[in-house]
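Laid out below as structure tokens are two forms of one and the same protein chain, each shown alone and named structure 1 and structure 2.
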Structure 1
Amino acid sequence: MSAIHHRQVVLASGNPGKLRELSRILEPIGLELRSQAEFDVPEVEENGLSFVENAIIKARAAAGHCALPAIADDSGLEVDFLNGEPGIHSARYSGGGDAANNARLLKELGDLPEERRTARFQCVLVYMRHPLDPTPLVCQASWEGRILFEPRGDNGFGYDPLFFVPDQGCSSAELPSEVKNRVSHRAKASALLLEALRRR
């Protein structure tokens, strides 16, 4: 068995959307992603001030609890008019779920014109071999778009229905998952991670 083929790795996230997207992306090189939900990993406080810090906190906790290498994704939406918010607070922006987060975002932007509604998804992926890994692999990528005036589409999760992708001419929730998995912030960060894993 090679270093990469059929290697089990725990994904330090309980988010089924991320597990689905990352599993499809990483499966071709034989990484079998297991959700941390299977291992009852205790919730860890994401008290970092950046995506990188929070990804490392999550990966370290999962690797320690599961005794497996761990991948963590910390991601979020940066809106220029809101000085980068919701950013690292994307998942808990409204205190409610995805629909409430989207409603708050629409409210914050009000009738701001289209050309000022620029935003991007950011994704940081971290791979740690064990909780004391002194050289975690850290990969970062972004995806440019702008915030719509109302939700469009049913695919994906989170802010996808409000995220218009000019290159594709539709919202990211209107993209088939195969397309999103090729072009998204997470897809690009995953491609970087694959490259880094292969090199190592």
Structure 2
Amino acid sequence: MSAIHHRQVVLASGNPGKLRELSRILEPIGLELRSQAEFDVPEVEENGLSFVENAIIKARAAAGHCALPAIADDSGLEVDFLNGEPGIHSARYSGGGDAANNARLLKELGDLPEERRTARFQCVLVYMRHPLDPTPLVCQASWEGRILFEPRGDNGFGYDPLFFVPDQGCSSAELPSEVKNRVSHRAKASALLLEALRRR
């Protein structure tokens, strides 16, 4: 295997936005990130009970299929009043898309007062050198906020329109992309991963 081949890493996601974001972050250490869509990696069942387990499942599957190191991300929203739900089920909370997920969350919280609507986004990034890597790098970061009473803003996806960021004074979906890409859970976890890979 050539030295250049060693610098390629597969991203266990077909999401082009995620690929662009992580590619920019990893560029300084000379890693070329490639989407698992290029390699026709089959969908894997995310049957873990935590963000960490699901990220490892995805990274292991991609590394095994592509014979390359792999990076996987698992993330979601934890609402304190709902004992951490929707958590690992964030993307499929309602069985529908983003709008249905947001509608279900608002219904669950009802008229719960503002101070009890605390929540956070979580992101776990995992780097595996190969599918049997006994010590994968695991980087986790969170983003604190609270759930609004109605959606605000259209610059985002998922629960962004309902997630109020106190230190920014607006919802995540009202933040300019360059600000969100600096302060979000994924941005913080990515910075930790970059630092860990530099050390390794």
Ligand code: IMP
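So that the term is clear: the rigid core is the largest set of C-alpha atoms that superpose within 1.5 Å between two forms. Model, not experiment: these values are computed from the prediction. Just so we're on the same page, residue numbers count up from 1 along structure 1's sequence.
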Form selected (criterion: the form predicted alone):
2
Is L192 one of the residues whose C-alpha moves 2 Å or more between structures 1 and 2 after the core fit?
no
Can you give me the Cα shift for L22 between structures 1 and 2? Core-superposed, in angstrom, one decimal please.
2.9
